[in-house]
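One chain comes next, on its own, written out as structure tokens in the form predicted on its own.
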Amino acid sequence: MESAKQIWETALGELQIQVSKANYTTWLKNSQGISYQENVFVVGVPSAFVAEWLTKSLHSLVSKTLAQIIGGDVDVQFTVHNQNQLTNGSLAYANQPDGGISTKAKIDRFNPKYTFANFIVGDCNRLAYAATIEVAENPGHSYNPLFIYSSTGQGKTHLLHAIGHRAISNGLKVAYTSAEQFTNEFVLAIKQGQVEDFRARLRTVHIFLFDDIQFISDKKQTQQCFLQTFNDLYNNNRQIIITADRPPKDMALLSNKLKSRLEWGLVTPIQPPDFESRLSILRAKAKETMITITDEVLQLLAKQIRENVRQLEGALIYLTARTKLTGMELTLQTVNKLLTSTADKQGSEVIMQVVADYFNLTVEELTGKRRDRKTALARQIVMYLMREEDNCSFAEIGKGLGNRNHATIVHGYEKIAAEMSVNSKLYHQILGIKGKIDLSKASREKY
């Protein structure tokens, strides 16, 4: 029989795709399987507060997940377990706002596809690219802090992960966190009376990577904690790299003090990719798929999909999936046919139809009362895409999906948004779906 530790690691893999990213990082990631005897499974957690929350909120889900893995009924008990007793390696540096400082032992914290080697450089991002290489090689000496901003899907997170990979290869300690994760860890530290410990843990890193700072704009206490952390790191000559969707001066709710700090170093934008950059990205991605796609087809896509890199990737994934599934050759004629196949549909209708087709469902089933796993997942993906792609309000989404209530829509949206970063299968499913949606939008513009 597998050890309790191995069983729990398997369970964590399952739980990671069943709960939100924030809940997983805050409540589950720092846990460990302690023992399994007489159908009682003991899980070690860092504090009584965490044990109490898991018992009240996730006991049923955890029990069900363990029962499926073990093959029989199991009772779960959460107990405080001294973090110093945890084996070094698997949970090394676990108490960080990102769930773990990335060291050589934890290099998988960063996406292996997001490296400097496969980042496509063009006029739109050349300065940001050069600056990130400089701070990765010589942290704390130039451009501190480095602030990168752009609209979504332009490569900010790619560059953060690339810095992480490069710094780790140079033997440096790196902490990576999103604004959401930082906030969740800070709130937990307040409840546990461990705010100073929370800040102190970050002082040991050489490079601090902070993604999407705009999300703490309306959180005064979190801003204050971040400002103190910033000052600690800066005064100790630690490198700070921050990303956002706009420059500091345009964040009205950020404190003036924090805006000033963010502008101390280099503030650089990443612009939407120009045609040559889009074409280079498509060529590189096409090479990865190992499917022959003519340059004429790639040029057609590069001309018609202009917004961001993710849309380009999504369109290419959709087209290559069609090639694999149908054996259809990707010619200008077939791509144009795909472009026009949904041209008569608009906005949310396109999203629902594309998702329904992808899961072999009807739109009526999506908006109806079916609650099986496949339909529920498809419905939540629609919620996410209507919000992200069509900028619909939660009320509009609920109305379009059969008059569902606000709480259901918010839960579905947040669940998919959280899981996309930890579930690669779901991430690529949604990229493929977005690809078809983007092709439809491009078609409407053309025709």
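For every residue, the number given is its place in the sequence shown, counted from 1. Keep in mind it's a predicted model, so treat the numbers as computed, not measured.
Just so it is clear, the following notes concern the form predicted together with adenosine-5'-diphosphate (ADP), a form of the same protein that is not shown.
The candidate stretches are 217-225, 279-287, 233-241, 201-209, and the one lying within 4.5 Å of adenosine-5'-diphosphate (ADP) in the model of the complex by heavy atoms is 279-287.
Among heavy atoms of Arg310, some come within 4.5 Å of adenosine-5'-diphosphate (ADP) in the model of the complex. Heavy atoms of Ala131 never reach within 4.5 Å of adenosine-5'-diphosphate (ADP) in the model of the complex, leaving it off the interface. The closest heavy atom approach of Tyr114 to adenosine-5'-diphosphate (ADP) in the model of the complex falls within 4.5 Å. Contact annotation for His158: at least one heavy atom lies within 4.5 Å of adenosine-5'-diphosphate (ADP) in the model of the complex. With the partner removed from view, the residue among Phe110, Phe119, Phe186, Tyr143 that has a non-hydrogen atom within 4.5 Å of adenosine-5'-diphosphate (ADP) in the model of the complex turns out to be Phe119. Contact annotation: of the candidates Thr152, Asn170, Gln353, Gln192, the single residue with a non-hydrogen atom within 4.5 angstroms of adenosine-5'-diphosphate (ADP) in the model of the complex is Thr152.
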